[in-house]
Every structure is written in structure tokens, then in C-alpha cells.
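What follows is a single chain, given as C-alpha cells, in the form predicted on its own.
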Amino acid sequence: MEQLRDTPLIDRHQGLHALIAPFGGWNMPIQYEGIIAEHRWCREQAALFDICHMGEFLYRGDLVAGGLEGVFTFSVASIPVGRSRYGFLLNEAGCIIDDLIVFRIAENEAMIVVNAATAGNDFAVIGSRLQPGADFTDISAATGKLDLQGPLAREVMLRFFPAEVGALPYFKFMKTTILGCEAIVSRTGYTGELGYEVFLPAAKVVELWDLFCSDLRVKPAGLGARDLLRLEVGYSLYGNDLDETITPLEAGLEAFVNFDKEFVGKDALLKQRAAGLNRVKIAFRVGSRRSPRHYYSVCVGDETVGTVTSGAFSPMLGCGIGLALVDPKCAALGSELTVCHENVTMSAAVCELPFYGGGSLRS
């Protein structure tokens, strides 16, 4: 049996009577007062998420000579200091080992933030692609991470932290001092709302959590609300919409692949693009309040044409929504589908992303 890990906030979660469940090798809060209530609070106020389970790696040295520039589907060397970039770590077949974000901390320093379930393998794979002697360290255990997300997040941040934090544009970050310790505050998130990700020493996470929660505009939210929030804006989830059998082209994320540079998996992606895709990502809306689920079948008539990768009931739209991988012939906007599982069937239609576009993300 896998030994599940606890974040530094496990006592706080238990004190709030959170529903705790395994996620990515960790005991994580799924909900506190309820997924729908926490989802709405994030859309209207400011929700606080424990994201200490994520992995963080630190690279120091020449980005090109040390080999980091060739590891991902995007250029690390061209990221301006103080900015971050999203993309992929691929295998030789062009499939996704992980999706991640790289933060350019200094000219010769970068932090790589990866998913919890894949962190150990990611560190080994990235390390194997670097030049001998490269300074590459796993700082996950020493690093804590809290996400404050919602339209009031900036106001809350400005109550506690320097005014410069409020001026951060999307996908830009700054080093600052929080609770007497060096920290990074980034204008990024996974909810479609205005938000901040705060990286600081793990030993200070409980103190920061309590500080945020002292503001009545802030409430804790669990992974259930987080998953619903990200799906409403069409963000992919590793393990559902992305994995080591799916390429970025199939996942509809070619925009995060820079074919003007070299990276592992590039040749496979070029061949796939030239040959044409056998399956593509679609977004769909259900014509009722029923919820499609991961691995439900997608059908046209009696033919199964694909599989749901993510699905849920959307409180903002009042209907079921989902992402799926399907035969390209069924991917045109407005195409009528049936989502099926055992005795469950629901009518659906292909739609555009995002499902919900009314968030405060770029406010």
C-alpha cells in the first residue's frame, strides 16, 4: 500500500471537518462546507487552496549549456526574468509525461512546478536530460504553496502584502518577504479567476493560512471546487485530459509547443501532425443538468466515437459539461452526440471553450 503524505495544513483541514481523500499520493481536502458553496465563493469572493502537494524543482546554471533549454516543449531561455511559461515534458512518442510551469527566477535560475502524482518521475526524467554536473534540486519538501483565487483576491493580498503585489500582471511573479521569509508571489492560478500563487517555506504555511483566513472575504476551498472551477474554463487536468498516451496535438494544446526548437518528442509530433490526428479534444454541453463522468463513452447513433476525459455539472451554466477525445469527424461545432454509460444516456453537443467566460482572471 502506498504511504500517503500529509501537507503541513492537515491539522487545519481536520479542524474544519474537511472530507479528506487520497490525491496524487497525498491526503488532501476534497471539500469543507460543500463543493458548490466553495465553487461559488471562489467565483464571488476569495477562496484559499492548499496546494502544498505540488512538486517544485530548482535549476541553477546556464540554461542552454546545462541542457534545460532542450527538455520542454517551450523555450526556457527566452522567458524574461520574473515571468513564467506553461508547457509539457514529453516522452519519445510525443506523449505527455507532465504539464508544468517554469518560473524564470534569475538569468541562470529557474523553478519548475509540476503535478504531485508525477513529481518523482518528472525529477528523474528531467535530470536524465541535463548535462552531467547540472545543479538540479528537488525542493518540494521544503516548499509550501497556497493559492488565493477569486475577484477579491487582490484586495486581500494588498491588506497583508506590499503594494507591488497588486500591480502584477497575469503570468508575472515577484520575490518578496512574507512573514519574515523569502517568498514568491505569482499572478497565476487554475480557476479562471483573478488569483495568486504563493510559494514560501513549508514551515510558514500554517501561519500564512491563518493570516488569510482571518479575513472574512476568504474561505478555504478543496480540490472538488478546484476541479469544477478549472473545468468550467476548459483547463486540462493531468490524469484525466492529459497522460502518457495523449499528445499535446490530440489534447488541443499545440499552442504550447514551440516547433522552432528541439525537444524530446518533437519528431513524433511532426509525424503525427503530417499524418493527421485519429482523435481530437472537444468540449461539449449536455442538454440537461446531468453530469457526464470520466471514461463515459461518446456516441453518434450506435457508434462509439470517443471517451469523456472530464465532466461535471456546471453551476455557472446550469447544465452538464465535459471534455472528450473523439474521432475528428465528430468534432465540428454543434455536432450532436450522446454520452453513454451502462444505463445512462444524455444528449450533448460540441461547443466552444471556455464554457464559462465571465471570470475575473485578467482583471
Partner chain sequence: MPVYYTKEHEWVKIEGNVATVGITEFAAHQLGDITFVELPKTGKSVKQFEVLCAIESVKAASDIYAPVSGKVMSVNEALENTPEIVNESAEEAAWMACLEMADPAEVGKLMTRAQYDEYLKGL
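Positions refer to the first chain, counted from 1. Since this is a predicted model, take the numbers as computed values, not measurements.
There is another form of the same protein, the form predicted in complex with its partner chain; it is not shown, and what comes next is about it.
Peer 1: Looking in the predicted bound form, any heavy atom of R289 within 4.5 Å of its partner chain?
Peer 2: Contact check for R289: yes, within 4.5 Å of its partner chain in the predicted bound form.
Peer 1: May I ask you to check whether W41 falls inside a 4.5 Å heavy atom distance of its partner chain in the predicted bound form?
Peer 2: Result no; W41 lies far from its partner chain in the predicted bound form.
Peer 1: With a 4.5 Å heavy atom cut-off, would you call Q31 a contact of its partner chain in the predicted bound form?
Peer 2: Result yes; Q31 sits at the interface with its partner chain in the predicted bound form.
Peer 1: Is there a heavy atom of I36 lying 4.5 Å or less from a heavy atom of its partner chain in the predicted bound form?
Peer 2: Residue-level check for I36: yes, a contact with its partner chain.
Peer 1: Using a 4.5 Å heavy atom cut-off, are L19, R293 and Y296 all in contact with its partner chain in the predicted bound form?
Peer 2: Verified in the predicted bound form; spot residues all in contact, yes.
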